[in-house]
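Here you get one chain, nothing else, as structure tokens; it is the form predicted alone.
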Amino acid sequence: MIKAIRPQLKLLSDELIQKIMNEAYEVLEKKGVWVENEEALSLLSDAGAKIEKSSQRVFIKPELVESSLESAPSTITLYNRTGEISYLVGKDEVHFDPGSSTPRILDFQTKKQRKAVTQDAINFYRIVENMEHIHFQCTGIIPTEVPDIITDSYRLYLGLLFSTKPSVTGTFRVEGFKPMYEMLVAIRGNEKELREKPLAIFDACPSPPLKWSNLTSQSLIDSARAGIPSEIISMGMTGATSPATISGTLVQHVVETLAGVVITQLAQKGAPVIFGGSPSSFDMRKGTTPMGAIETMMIDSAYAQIAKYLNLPSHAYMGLSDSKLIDAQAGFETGIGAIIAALSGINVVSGVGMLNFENCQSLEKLVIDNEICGMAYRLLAGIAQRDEPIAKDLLIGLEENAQFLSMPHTRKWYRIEHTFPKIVDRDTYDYWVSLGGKSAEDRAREEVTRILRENPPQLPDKEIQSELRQIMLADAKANGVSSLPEIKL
């Protein structure tokens, strides 16, 4: 039997990758990066990096980068809340998750965006939990009735209560790591178990161009020492905060990311780290950062190819839309992005459900995007030879009025070879009209309602619930917040 080939997309030649790498190494050594965190500066200095103390600029030699790349693991294994299901992050494995940290949600009834609240976040977690093609959870909604100072820990608190999937998250403040780490330890039972079976990825974003802030540097250090994977999210905007050319932005992206890799490995040799990002093709006409632009997707695909060249796991923000509604634009931008991400073999693909330049989530779009992800996975499975011979015996022995519909061969292979989306409309026109002529958004809303009605949340046991709440309340009170929104469990 001839096995299926896995379709792939590559946008960079080996020569261009090497050129980008050479220039990135030269920038790191001659220009360096700005690092605001004192502990990171100390680690870099001890490793032999030259520090310009007046400006906190760090000059990193190629040898230090190379040794850091050698110790960084090529794959990471994440586990769900119970520790029973694992997910490989690396090689060409592809996992979709919603994008992180949106303060708004698209209201289905009004078709307008509004500020999100705790119940929206809970519903969000519950929907993602039931999406078979969205493998990871994400602290994707910021409940705006909670004070900003604790929204990082509060998002994770809700996520750990209402979802079993691994989570992509991150801190908004240096002090936020401690309670978030304590919650993850509470789920696992102890620090050793969390290190052996990581449950979350922490995003850390350099500030373009060429700067690692105090907060994000500390996140790298804290995560590395705790055994929590860091996902480095470089965010250059072409012509605004990075060079106007795609290849130029790629050089900056590599510089910023490699500096982050070095910090993680100096904090803890062998610490898990992901070569990620959320760059964009800046639209000079509008002053916006279109994540659905084809050039943005090209940048993502290209740096993921560089990540594979460096033998590091990869991440990108793709499979999302800049549209403000669930419309044709939302569909084609999301679909193109998800397919390009899958063909590029990006390991963690963030963005499903997102609208409006990463500022809005939609429960209905999550349901639709789940089916887009399913199509992407089917594409990756490729075309396999199912029988030997392939079909000549069927065709040579075919009778004049034969129907493939009744053949055992069809019954054997049809459901294996084909996918059957729930939300996609494949009815005849007349039957579609008889059902009310509903749009994809209408059908998705019905599915959202059904899931929330028929699938109660899989909560952790009561002892863990209590421990999580105590940690969350302690963090709230330490920051002057006397109470939290009521949560109906």
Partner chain sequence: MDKQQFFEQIKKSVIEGNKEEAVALAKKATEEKLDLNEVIEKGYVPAIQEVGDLWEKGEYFLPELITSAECMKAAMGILQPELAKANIPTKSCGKVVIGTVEGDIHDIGKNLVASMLGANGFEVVDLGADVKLDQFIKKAQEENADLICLSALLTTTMLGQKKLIEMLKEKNLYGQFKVMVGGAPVNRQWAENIGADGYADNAITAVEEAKKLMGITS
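Keep in mind it's a predicted model, so treat the numbers as computed, not measured. Positions refer to the first chain, counted from 1.
Absent from the display: the form predicted together with the partner chain. The rest refers to it.
Not displayed here, the partner chain is approached by residue 240 to within 4.5 Å at the level of heavy atoms in the model of the complex. Using a 4.5 angstroms limit between non-hydrogen atoms, residue 285 touches the partner chain in the model of the complex. Although the partner is absent here, residue 90 is not a contact residue: none of its heavy atoms lies within 4.5 angstroms of the partner chain in the model of the complex. The partner chain is not drawn, but in the model of the complex it has a heavy atom within 4.5 Å of residue 207.
Just one of 324, 126, 135, 104 comes within 4.5 Å of the partner chain in the model of the complex, counting any heavy atom, and that one is 104. When the partner chain is considered in the model of the complex, only one residue from 191, 148, 387, 417 comes within 4.5 Å through any heavy atom, namely 148. Figure note: of the listed segments 367-375, 276-284, 403-411, 262-270, the one touching the partner chain in the model of the complex, with heavy atoms no more than 4.5 Å away, is 276-284.
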